[in-house]
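Next up: just one chain, as structure tokens, the form predicted on its own.
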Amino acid sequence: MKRLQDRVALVTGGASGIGAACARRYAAEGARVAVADIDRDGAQAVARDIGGIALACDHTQAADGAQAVAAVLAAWGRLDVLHANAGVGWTGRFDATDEPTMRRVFDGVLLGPTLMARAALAALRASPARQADGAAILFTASGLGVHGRPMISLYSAAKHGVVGLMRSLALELGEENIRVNAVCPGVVDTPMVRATTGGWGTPDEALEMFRRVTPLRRNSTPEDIAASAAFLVSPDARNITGCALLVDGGAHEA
């Protein structure tokens, strides 16, 4: 039996990259999937591929999150998995980052997932899965949420906040059988990463540099992250909560 058979999942940032790969993997595992993204056209393309629904959603706006959850409940009557994946990219040197960029990073990386978790909580509490092996919240954090690196300080600080939120919510919601975890990618070849590697040369040069310093000598793919995410939201992980799972080829141990 597929691990997510009859479950309903909402994935933010699902139009491309890691979010799209996770939406596809959840659907392959049997879930009905709502693909939410500020890029409505991209979300519709993914949703068509997997038989899901597409939702226009800016996760930094509380009303958008509430509307997305309401749309899922209207379509399928339940929500079992929230994957708060949407975010923004790296920002470069700390002393060269202006205040509007700082606010954009903290809103996109930390505030958005926080608002989505709050928007989804009542629906997750009503999930039939909670009475079995658990409803689930999964955050896409980062290896930079548990380690630091130069040139990425604001992004790293915001992702540390995501990991802190995850750990606290895991403790707060554990007695309700709502599991809260985070998947922490290393460098993944996605459109967002390619758009934010200017401090290390061209995108291809930057990705090659990161590959060379990764112990497994490979960068992750979106599908690598999706495989780990599918495990964390599935019944196979029913006794796992408060986990920040590094999926980075060992990069953040090097």
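In case it trips you up, residue 1 is the first one in the sequence shown, and so on. Since this is a predicted model, take the numbers as computed values, not measurements.
Note that the form predicted in complex with a small molecule isn't included here; everything after this is about it.
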Choose from 133 to 141, 173 to 181, 94 to 102, 69 to 77 the stretch whose residues reach within 4.5 Å of the small molecule in the model of the complex, heavy atoms counted.
-> 133 to 141
Picking from 34, 27, 187, 226, the single residue whose non-hydrogen atoms come within 4.5 angstroms of the small molecule in the model of the complex is 187
With heavy atoms only and a cut-off of 4.5 Å, decide whether residue 215 touches the small molecule in the model of the complex.
-> no
Is residue 234 a contact residue for the small molecule in the model of the complex, using a 4.5 Å heavy atom cut-off?
-> no
Decide whether residue 111 counts as a contact residue for the small molecule in the model of the complex under a heavy atom distance cut-off of 4.5 Å.
-> no
The small molecule contact at residue 230 in the model of the complex, heavy atom, 4.5 Å = no
